[in-house]
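Below you will find one chain, with nothing else, as structure tokens; this is the form predicted on its own, and questions on how it binds or moves follow later.
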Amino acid sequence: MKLTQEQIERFERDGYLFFPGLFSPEEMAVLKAQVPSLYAQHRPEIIREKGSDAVRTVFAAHLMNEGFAKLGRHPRMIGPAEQLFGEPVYMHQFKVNGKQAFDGDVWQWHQDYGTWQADDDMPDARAMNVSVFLDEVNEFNGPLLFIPGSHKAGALAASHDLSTTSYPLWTIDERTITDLVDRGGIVAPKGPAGSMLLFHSCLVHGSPSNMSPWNRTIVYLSLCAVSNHIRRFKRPDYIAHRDFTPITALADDCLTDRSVRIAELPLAQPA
């Protein structure tokens, strides 16, 4: 997948690109079928909501499950990041964020690079998220909220929230958010399962709780330019990966081609 010049300019202006329905229902069905077995496990890589058994995040699913391993090498996910950075990328982080019906909690306003810089000593913001919706995302089930153009502010001052939710985050204060929204507004990309988002690691974003009866599951590949790899290793390696090997993309039909196999899944549980 190759971005057009107009798309590149839009990404530079707004900090994100949205591709509704880029993946087919058949491709998403392959991945959705893997989710229940992941959620049923109790292990350090799987974070649950405070006071609930509802899954908030599954880290490193691409090291546990072949379907997600294929997604982590999918050319539609990898190609745009390589194009924008002008070099190969590695997987800094892979996660399945499950904002479960009625139980999915808020993600406060933050920049991902703020955490990657503070916790992992990532030198520059030459990293981005490429995400795909496994469920339809609508206005009721906790869509992502973006502040367009906020990535141009660079890395913003943030405080380490260790208590509000079940996962610690470097969050941005309300005054700064108000100023950014006054300039850029707020958007909430919504669309069917299979929609793909690219967004800059400095783009300020968050999401409200899910009060609806519909799950909202989104998979995130956090891709970093290989030359920009992290220098600090204080977080578990299933959260901030230490393998800086450039990703080699598979064929475009890898999700539905059963002959494509991933040789090693280091975190997979024994059969």
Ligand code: SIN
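So that there is no doubt, residue numbering starts at 1 and follows the sequence shown. Worth saying up front: this structure is predicted, and the values here are computed from it rather than measured.
The same protein has a further form, the form predicted in complex with succinic acid, not shown here; the description that follows concerns it.
A.B. asks: With succinic acid left out here, work out from 94-102, 150-158, 72-80, 118-126 which stretch has heavy atoms within 4.5 Å of it in the model of the complex.
C.D. replies: Correct option: 94-102.
A.B. asks: Though succinic acid is not shown, can you say which of Trp107, Phe133, Tyr113, Trp170 has a heavy atom within 4.5 Å of it in the model of the complex?
C.D. replies: Only one listed residue qualifies here, and that residue is Trp107.
A.B. asks: Using a 4.5 Å heavy atom cut-off, which residue among Tyr238, Trp214, Tyr39, Tyr220 comes into contact with succinic acid in the model of the complex?
C.D. replies: Flagged contact: Tyr220.
A.B. asks: Is Asn210 one of the residues lying within 4.5 Å of succinic acid in the model of the complex, judged by heavy atom distances?
C.D. replies: No, no contact at 4.5 Å.
A.B. asks: Using the partner position in the model of the complex, report whether His62 sits within 4.5 Å of succinic acid, counting heavy atoms only.
C.D. replies: His62: no, not in contact with succinic acid in the model of the complex.
A.B. asks: Should Leu144 be classed as touching succinic acid in the model of the complex when contacts are defined as heavy atoms within 4.5 Å?
C.D. replies: Yes, Leu144 is a contact residue.
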